[in-house]
Each structure stands twice: as C-alpha cells, then as structure tokens.
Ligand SMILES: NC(=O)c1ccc[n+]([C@@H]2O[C@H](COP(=O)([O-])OP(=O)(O)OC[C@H]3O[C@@H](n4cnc5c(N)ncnc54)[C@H](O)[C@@H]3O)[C@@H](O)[C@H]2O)c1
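Below sits a lone chain in structure tokens, taken as the form predicted on its own.
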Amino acid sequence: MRYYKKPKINYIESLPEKNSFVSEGETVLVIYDLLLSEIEEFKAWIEQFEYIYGIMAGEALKSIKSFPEHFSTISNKISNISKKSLKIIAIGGGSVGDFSGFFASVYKRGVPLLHIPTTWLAAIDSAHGGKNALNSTIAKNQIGTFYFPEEIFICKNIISYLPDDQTLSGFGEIVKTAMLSGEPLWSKLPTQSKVSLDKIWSLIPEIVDIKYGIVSKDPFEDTSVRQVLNLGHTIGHILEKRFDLPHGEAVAQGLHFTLDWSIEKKYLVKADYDIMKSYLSSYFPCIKDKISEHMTKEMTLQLLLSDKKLDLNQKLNFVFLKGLGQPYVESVNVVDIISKLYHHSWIS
C-alpha cells in the first residue's frame, strides 16, 4: 500500500546535531558526497557517525550498472544492524539524494530516510517529492521508486560553499516555479543581474511549499496534476544530456522553448509572453542558435522516444503556459515537438 506524508522541513543555519534526528537505539548510515570532505564544518560533523559511505556525485553514480556493487558494499557495512533500528541520511546534491533514496526504498523493503541537500537544486527541488531514480544505459531516471523522507534539513552554511554557477543553476528552477505558480512569488524574484545567496535563501520556504502543494494532490503521479512540475523539463532534459548543461540552466532553455511554443499556439498573449521572456532572458539568454550544429533530428527524436512519460501512441504530456501561473498540460506527439524544435530556427 502506498502512503504519503509530507516530511518535516527544517530551515537551519548549520548542520544539525546528531541528537536532533537520532533517537536512542537508532543507528544511522550517512551516505555523502565525497567532495564535502573538503569543507571543515562537514569534516567535524561527520565524525559523530560510526557508519558512513562516501560516493562521488554525478550521473555516473546513478548508473544501474554500478548500483549492485554499491549495494553489496553498503549491505556488508551494515549487515549487523536490524531494519527496525536503521536510518539512512543522504547528504549531497540531486544524484546523491536519488541514489540514497533508491537504496533506502529497496533495502529490506524500505528503511527510514532523511535528506540534507547541499546544492540549491536539491534544496529547492529534488529533495522534495519522493522521487528516487537510477539511469538505464540509454536514458535518465528509468528505474525508480516513490519513497518519501521522514525529515529534511536545509542548511544555509553548507550550501553557501557552492560556486556562483551552481547558484545560477538553482535559480533556473526558481524561475520555473514562479512561472508555474504566478503571484506572489513572481513579484519577489530578484531584479539585479547577480542572484545572491541570501535572496534565494529567503525564497526557499515559499518555493518548497508550492511544490508540496502540488505533490500532495498527486503524490504518485496517478493523474496529470503533478506533471505541471515538468514545466521546461521535456526539452531541458534533452539539452542537459546532450550538452552537459547544469540542470537548472537546461530547464531555463526549456522554458524559452515553452514560451515560444505557447505563444505560437495562441495559448499565451503577447503581453504575458514579453514579461516572462524578458525576465528569463536577463539571466538565461536563449542559446537556440548556438546548438543547431550539434543536434540532428534523429538524435533529438531518439532522446524524446526514451522519455519515460511517452505513451503507446508516441505522445507526451507537454506543459504549456496560458499565462503567468497558468500551466496547461496537453498530450502532444513527439513528431510535433520535433517540428517545433526545427522550425523558426529554434534549432536550424
């Protein structure tokens, strides 16, 4: 039986004390991004734990080919711990969260899970919603589970170590959420050229609440309600995979495509289009003219056909916009997506 309960969300300055989430009799396994070992605050924090497992973050971590070896190593490490006393802590970005969440969901048919996201993208998006996935040999996120964490700690200090390009990538998901939800979030977006850590931090609680407001209506994607969260992602995933773009920047390019297609289909009036397009372009200039020589129609079609949301008729639910805060989900044929991509020089 599937069960959904919104996790407890904690917004904190420093990494949480062990006794704030570990009860008497519980044993914790911390699965963490090895790059965090370069941070003094993290090095002192992780010394509290007996059972730890460091991994290199990235898409390679999510490969189904490498998972059995990881699973075996972790299982041997915690073989003497009973299921009733074990708790998994995932600390890292999206790939670490996906890997750890998938492991927690299948180990002994499921053990409690906590997330401590260390990137803006994870703090804003991937740590929330219960999706855990590994990649097949041909496409992203083909093997997965819905498994919700019990608790999430969003720690400002640990995220503050990120370089500026990671901050910008996280901002791509914020703009997506603002287009999806409309006011009042849209009016709170920054207007200066550089996105500051403090500004994003101030927006996170509202962004997370918006996501859970949608997830709670369709936690296991049984209807199209939750699919609005894929705004910008159909094309974004293609560009992310083909050009190794940071996820949030790829999504921003997907938003450009969505806006252009939405106004072409007359779902979006020009005034709303101009407002959203201008703001998006100020942070994420459209790169459609720079990628044409590197993507053939055949390559793009193959990537679209590997989308896990594809139905038996080769159609996808694509998220359009009818206005700021007005997403509209429509089933479209992949051939129509290809036609639009290679029309009007989106990819020339």
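Predicted model, so just to flag it, every value in this text is computed and none were measured. Numbering starts at 1 and runs along the sequence shown.
Beyond what is shown, the protein has a form predicted in complex with this ligand; the following relates to that form.
With this ligand left out of view, the stretch that reaches within 4.5 Å of it through heavy atoms in the predicted bound form is, among 273-281, 257-265, 124-132, 194-202, 124-132.
With the partner omitted from this view, the residue of 59, 289, 41, 50 that lies near this ligand in the predicted bound form is 59 [heavy atom within 4.5 Å]. Proximity to this ligand in the predicted bound form, defined as a heavy atom within 4.5 Å, singles out one entry of 228, 78, 162, 106, which is 162. Contact between residue 93 and this ligand in the predicted bound form is found at the 4.5 Å heavy atom cutoff.
Although the partner is absent here, residue 35 is a contact residue: one of its heavy atoms lies within 4.5 angstroms of this ligand in the predicted bound form. Interface membership of residue 240, defined by any non-hydrogen atom within 4.5 Å of this ligand in the predicted bound form, is confirmed.
Contact between residue 87 and this ligand in the predicted bound form is not found at the 4.5 Å heavy atom cutoff. If you check this ligand in the predicted bound form, you find a heavy atom from every one of 98, 140 and 158 within 4.5 Å.
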